[in-house]
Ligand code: PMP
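Just the one chain here, laid out as structure tokens, in the form predicted on its own.
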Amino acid sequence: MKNTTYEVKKSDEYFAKAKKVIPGGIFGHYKYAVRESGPKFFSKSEGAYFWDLDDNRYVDLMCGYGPSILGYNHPEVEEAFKSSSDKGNTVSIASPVMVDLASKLVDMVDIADWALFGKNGGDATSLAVMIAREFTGKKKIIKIDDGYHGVAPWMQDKNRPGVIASDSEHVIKIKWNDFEELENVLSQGNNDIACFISSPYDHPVSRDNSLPKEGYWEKVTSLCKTHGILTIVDDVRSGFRINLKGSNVAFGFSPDMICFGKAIANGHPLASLVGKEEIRKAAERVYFTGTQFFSAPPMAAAIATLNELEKVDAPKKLIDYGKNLNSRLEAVASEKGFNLISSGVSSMPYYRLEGETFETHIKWIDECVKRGVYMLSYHNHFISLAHKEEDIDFIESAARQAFESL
């Protein structure tokens, strides 16, 4: 398939209709991806692709912001979902598939002795913090500045609409990879800190991603243990893309709890929190629930997803594919006189044009999208097992034309 410049007339027409009935037309994190020249709505999806309302096909490098790790409409996952759905969805009592999924996670994830479930990554992170507070009897949270853990008020900046200063009065922010700052916070005699929460490596939405320094996590977990502070890893975005046992295994440390979401059920709504044995009683005491938390089909889809990931050593395949994609894109950029930086883990790369304005970077992204490669000018991207070598050829061609258009 050759790269051509797409028109999105039907998307624009539907967007105008959306604005009449939905505030802003498209809300939440999707609204930040709305570009004048880009697609706003999809008509279908399959594998590594989606099609917009004008029937333009896009190689998707966002994978639904991470959930589609096997590719859209994966047959084994969808069959598991359908089979479970035929028996019942949200029923007045729990399905045994919940027990089967919890057992699967306990067997697979390095630190997991138990598992609980929700719908979004923010459910898992909020629950983890509540359990930490119950277990320790303390209130405060240490997080990384710019670290994203969902949209509950305590997680958001106090200057955002609808958020007030008191929402985050018990949140202490520190710099990523700065162990000395953590030491300073704890040396000030603050004995009311319940937990330290962070992603396994730093992947903010609008700057280069960075891996932990050598020994960073080992020192953090040791110091937290000394002060009676629980460590929580937010593996919602990176979960199952670095190591199936938990991303912490790749970086050589052992947290107290891990939050999963996004890719756990290949796009079906599900999140999970897993933790160590000594926290089990606290987890049992905390009340945190939702009407749809016990929906069975997404849990069946999750078991199928995890089984498929195990079959092929998914993280290695995703990382290797990402390295190849990144090197090809960097070479094309260099050929056209640009310096493309790809940072973070290669299975979910963050791109930036070094030495160029952000407006130039946005323009390059828009030109890629116009030619059938769906990317964002912010946020890390994602690789799925459905992406093929021929897709890299297509992406490379679109990127070359996009650089030429600059």
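Just so it is clear, the structure is predicted and the values come from calculations on it, not from any experiment. Heads up: residue numbers just count along the shown sequence, starting at 1.
The same protein also exists as the form predicted together with this ligand; that form is not shown, yet it is the one meant from here on.
Proximity to this ligand in the predicted complex, defined as a heavy atom within 4.5 Å, holds among Asn243, Asn120, Thr221, Gln156 only for Asn120.
Partner proximity in the predicted complex, defined as non-hydrogen atoms within 4.5 angstroms of this ligand, places exactly one of 320-328, 281-289, 303-311, 232-240 at the interface: 232-240. Proximity of Lys262 to this ligand in the predicted complex falls within the 4.5 Å heavy atom cutoff. This ligand in the predicted complex is not approached by Phe179, whose heavy atoms all lie more than 4.5 angstroms from it.
Looking at Pro212, you'd find every heavy atom of it more than 4.5 angstroms from this ligand in the predicted complex. Mapping the unseen interface onto this chain, Gly150 counts among the residues with a heavy atom inside 4.5 Å of this ligand in the predicted complex. The partner is not shown here, but in the predicted complex the stretch 197-212 reaches within 4.5 angstroms of this ligand through a heavy atom at His203 alone.
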